[in-house]
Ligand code: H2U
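Single chain ahead, written as structure tokens, the form predicted alone.
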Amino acid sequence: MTQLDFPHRRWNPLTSEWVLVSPHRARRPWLGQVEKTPPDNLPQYDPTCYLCPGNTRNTGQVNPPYSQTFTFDNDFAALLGPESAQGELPPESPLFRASPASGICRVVCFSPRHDLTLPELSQIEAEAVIRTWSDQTAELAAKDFIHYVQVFENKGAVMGCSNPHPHSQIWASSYVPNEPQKERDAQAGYLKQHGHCLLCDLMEAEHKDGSRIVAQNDHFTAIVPFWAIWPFELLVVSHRHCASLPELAPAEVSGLADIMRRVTARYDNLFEISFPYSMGFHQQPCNGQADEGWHLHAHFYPPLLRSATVRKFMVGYEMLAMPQRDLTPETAAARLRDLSEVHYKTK
């Protein structure tokens, strides 16, 4: 694609929203906040960590001596079971609307090792994480009151992660949240208008163009999307049209583990730190509605912009008007693509 070197807007077909791109601003000097570089010398086991094997959590429960992944109900869950909705809601009105919200929140520890993040796991260990996410999705989606299962990971203190032990979360809710609902509407609308899957068409177009592809294998491709908001945002899309993690064949589980390890290794190598991000899978809702246009994918939203200590803030114009970025997606993809997939700690 021809590099656009002037201010322009880009359309996000997954959310039906615009993003402002201002490439010329990437040359301005930076006088903003500088973050602290996260420590890089974590122990293999931390006796004070409530996620390490054999340690006691705040509730008094003791973690088993797990050797692979470990899943448990979140001790401070944001959603509670349907029996929690006991109080009265305000009368229905156009201005003041409320609805009961229930669900199940779980934590998934990737490894007993306190010091290993996703790019540092072996292929076999990463596949175990994918299978755990898949099994948990299937188990939670089978519950009558669950309409959506959100698998996500917050990595790094800058993303609000309070514990460096490698882990993710799963929030299964009695409703379809805002972002998946936007994507549900957009994918259904695209299918109705064009007769094709939106992300299948996107993958075909991205492979023809090539300028935003960061990594690929036989089953998945990672791109910096054309409409990316965050500086080094990634979209990971399955090649086969499938709707959720439990639908993946064994070879696809291996392919997903491979692509996740490779792109997160590139992230870490960019500034040679444990790269922070929020990552999550968007899967088909499980409330009985047919979603033929839904295509499994994952989003990576990392905040770092120019170095390990300079991050992007969503403030001012972004909060009040629309998202804006300086670094073009094509430039970001090229920078990530040029990096080694051998983790810097192993060099």
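Don't overthink the numbering: it's just position in the shown sequence, from 1. Keep in mind that this is a model prediction, so the values were computed, not measured.
The next section is about a form of this same protein that is not shown, the form predicted together with the named molecule.
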Looking at 234-242, 193-201, 176-184, 71-79, which lies within 4.5 angstroms of the named molecule in the predicted bound form, counting heavy atoms? 71-79
Contact assignment for the named molecule in the predicted bound form, among His167, His219, Arg261, Arg113, heavy atom within 4.5 Å: His167
Partner-free chain; cross-checking the named molecule in the predicted bound form, the single residue of Thr48, Gln44, Ser67, Asn58 with a heavy atom within 4.5 Å is Asn58
Quick one: is Leu121 in contact with the named molecule in the predicted bound form, heavy atoms, 4.5 Å cut-off? no
Do Ala257 and the named molecule share at least one heavy atom pair within 4.5 Å in the predicted bound form? no
Non-hydrogen atom contact Ser84 with the named molecule in the predicted bound form at 4.5 angstroms: no
Gly210, heavy atom within 4.5 angstroms of the named molecule in the predicted bound form: no
In the predicted bound form, residues of 161-175 near the named molecule [heavy atom within 4.5 Å]: Cys161, Ser162, Asn163, His167, Gln169
